[in-house]
Every structure is written in C-alpha cells, then in structure tokens.
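Take a look at this single chain in structure tokens; it is the form predicted on its own.
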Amino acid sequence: MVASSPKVISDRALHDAELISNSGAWAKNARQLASARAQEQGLPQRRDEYWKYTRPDVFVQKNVALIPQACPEIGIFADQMKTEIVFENAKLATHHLPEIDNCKIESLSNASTLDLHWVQDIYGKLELAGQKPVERSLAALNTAMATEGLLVHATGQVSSPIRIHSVSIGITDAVIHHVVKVEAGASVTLIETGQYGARSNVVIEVDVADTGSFHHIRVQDGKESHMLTHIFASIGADAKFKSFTLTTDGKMTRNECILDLVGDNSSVTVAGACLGDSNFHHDDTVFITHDAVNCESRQVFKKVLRNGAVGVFQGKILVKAGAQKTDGYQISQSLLLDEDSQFLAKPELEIYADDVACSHGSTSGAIDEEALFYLRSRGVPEPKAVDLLTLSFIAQAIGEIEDPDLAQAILSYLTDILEAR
C-alpha cells in the first residue's frame, strides 16, 4: 500500500525489482500484469462512486500516522480447532505446515519461486475478473506486491476447520494474499482471526468447482487497526459459498466481497456483524453477479453503533440476461445506541432477466423501548438489558453460519465482549 500522488501509483512501488527477479515464471507474469492494471487504474478517490462513504486516504497514503499495537490472542474457537496456522508480523510463523487428509496447504512465498504451480490458474485471475464493472486497484496492488499467504487445495471433505491466526507486534503495513481451490465434491472451512498489521491489505481468491463447498468465518479485532480486505470467488454448479465476518473493534475497516455465480443451482451467503464504538468506521461492500440459472444469494448485515461510530453498507445484486429463476435476498440493518452514530446504506439491484425473485431492505433504528422496559421491569439492569437486545439484533447474521458449534462460539465471544464493555 504505497502511493505517490493522489491518482498515480509510482512505477517504483509497483515494480519491485528484487521481488520480480526472485519470482518463478507464473508469479512473475501475474505480478507484472497486476502492476500494469493497478498503474492504469490509479488509486481510488473520494469522488469515486463506491468510496463516497469511506475516505480511502489511509489506504493510499505512503506517510500516514499509524499506531502499531500488539494483537492479543483471541480466545475463540478453542474447542473446535485442530489445525491452526500462525502469521507473525505478516510472515508465516508456522514452520511446518500441517498435513491434512483431502487438503494440501502451501505458502505463497515458496510456491512463487516455482515456474509451474496449480495456483497460476487462480492467482490474480479472479481478482482480474472482479475489476469489472468496478475497478479495485488496491486489490490489483495486492496481487502485484504480496509475498506471503496460504494456498489451500481441498480435494475432498476436510473434516475440521483450518484456522489462520495473525499476530502483529509493532508492524505497520501488511500485504497478504490467500488462494483457495475447492475441487468438485470437496468442502473446507477457513477461519481467520487476529490482525496482520496496523494497516492490512488482504486478498482471498476462492475457486469453488461444481458441487464443492466453501465456508469462511473471520473475526476482526484491533483497536487502532486499519483493515482492507477483498474476497473474490467463482462458484460452480450445485456449489456453495458462505462467508461470515464479525468486527468488534478497529479504526477503519472496509471488507469487499465480489462473488460470481457461474454454475446452475449454486448458492452464496455473505453475512456480517459489527460492534462499533467511538472512533470506528466500518464499511461492507458486496457485489454479487448471477450468471447462471436457478441460483440463490443472501446478504445479511447487522451493525451496532454508539458514541459517534459510523457504519456503511453497499450491496449490489446483478442478474445477467439468461440467469432465470434467480433468488436474491439482501438485508442491512443498524442499531444506533445514540444520536451521534451514523449508518449509511446503498442497496442496489440490477436485473436483466424476467423470472427472478430479488429483494433488498435497509433499516436503521434505536433500541426498542418497549422491549427494554419489559426486561427492566423483570429486574434486568439496563446495561444487561441493552446487551441482550443487542445480541438478539445480531442473531440473524450469526444464524447464517452453517456449523452450529462455530455459531455458538461466536455468540459466546460476543457475550463476553459486551459484558466487558
């Protein structure tokens, strides 16, 4: 995440001679192509349509005041984890990657030195496809500059989740790129916790083949952190994609999810919840393209904001001509715990097929006074009553998690955070 002028990305920033010279043939080609498109696109500006609610300044400026902080261990999923991979200061700290039945895990740093690798068919390719109709130059910059990440290749049913936990101690910038390939009939669950750095640029590319299944859970926490994430995914016929993100802290967070349903009878779900307090800005930007018959997509986002926190939701469903029997659902809601907080929403539908069922809704409101009075009249203290109503509000988003044990872990984690506050 290095920039010179507001719109132009410097050649030196994009063409790291040492990085290119140390790359194998496939990585060199992918990085050079990504450099070229990032240079052509330039950096995002406040006047850009999809950045009007979130200032991109912190993600594009070279000399920006950041406060690196130690990222504590997140006590969540302890009972569900058998496979954990640790990143420390944006570097892979797990020296021996685990061997798992039906799944091979490799590091980007090692694979990028080879001339041939299966990842060459995905790395940068899904990100490139996701550049239209909206340019995402910071994702292209990630493809060009990332030196570390995981390559996950699922060839069958992976029995237990794979957790990536990142720990940062004083590091400022982190650029991470993960790639997941799910073969036909295979399934895998990927969990992300922690933070890579004070300012993170993270890209995940996911290719789900026919009848495959990919589940993703992410927990973001870091009081002074600035997080920019992109998920690019292609979903084949009869395949399933599910992603849930919980954000409980952070100064500036923007999560983008760009999904393309390319096979008939596929389904995707993107859900998220956040608790925002004070100097907190959280942006969920989702773009789902239906390009096949009889596909389903769901977007469910809940934001709880107080003390001047800001929440943003931009969600679009694009139904292409011929994508008949599409079922697209989108809901974004905020719970404002004071008059100083803001929720900015931009739901969109763009439909070129006539046999579809698409809907979107967005609401913003305060605590239900009647419900609050009911709880207090039964002896529940007001702070506890507000916590209970907050959990009830968020429950719909958590309910999109398919694994009940993981959903319960999220709920318990949220309960602890609310009690601590």
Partner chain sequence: MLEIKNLCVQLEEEDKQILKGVNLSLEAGKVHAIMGPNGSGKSTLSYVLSGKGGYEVTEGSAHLEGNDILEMEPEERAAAGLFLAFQYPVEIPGVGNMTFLRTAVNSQRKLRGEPEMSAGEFLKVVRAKAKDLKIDADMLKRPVNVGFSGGEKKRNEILQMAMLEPKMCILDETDSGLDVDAMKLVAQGVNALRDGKRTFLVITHYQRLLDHIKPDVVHIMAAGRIIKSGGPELALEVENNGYADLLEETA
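None of these values were measured; they are calculated from a predicted model. Positions refer to the first chain, counted from 1.
There is another form of this protein, the form predicted together with its partner chain, and it is not shown here; the text below is about that form.
Looking at 37-45, 24-32, 53-61, 391-399, which one sits within 4.5 Å of its partner chain in the predicted complex if you count heavy atoms only? Heavy-atom contact with the partner occurs in 391-399.
Would Glu49 count as a contact of its partner chain in the predicted complex, using a 4.5 angstroms cut-off between non-hydrogen atoms? No, no contact at 4.5 Å.
Residues in 339-372 close to its partner chain in the predicted complex, defined by a heavy atom within 4.5 Å, in order: Contacting residues: Glu370, Ala371.
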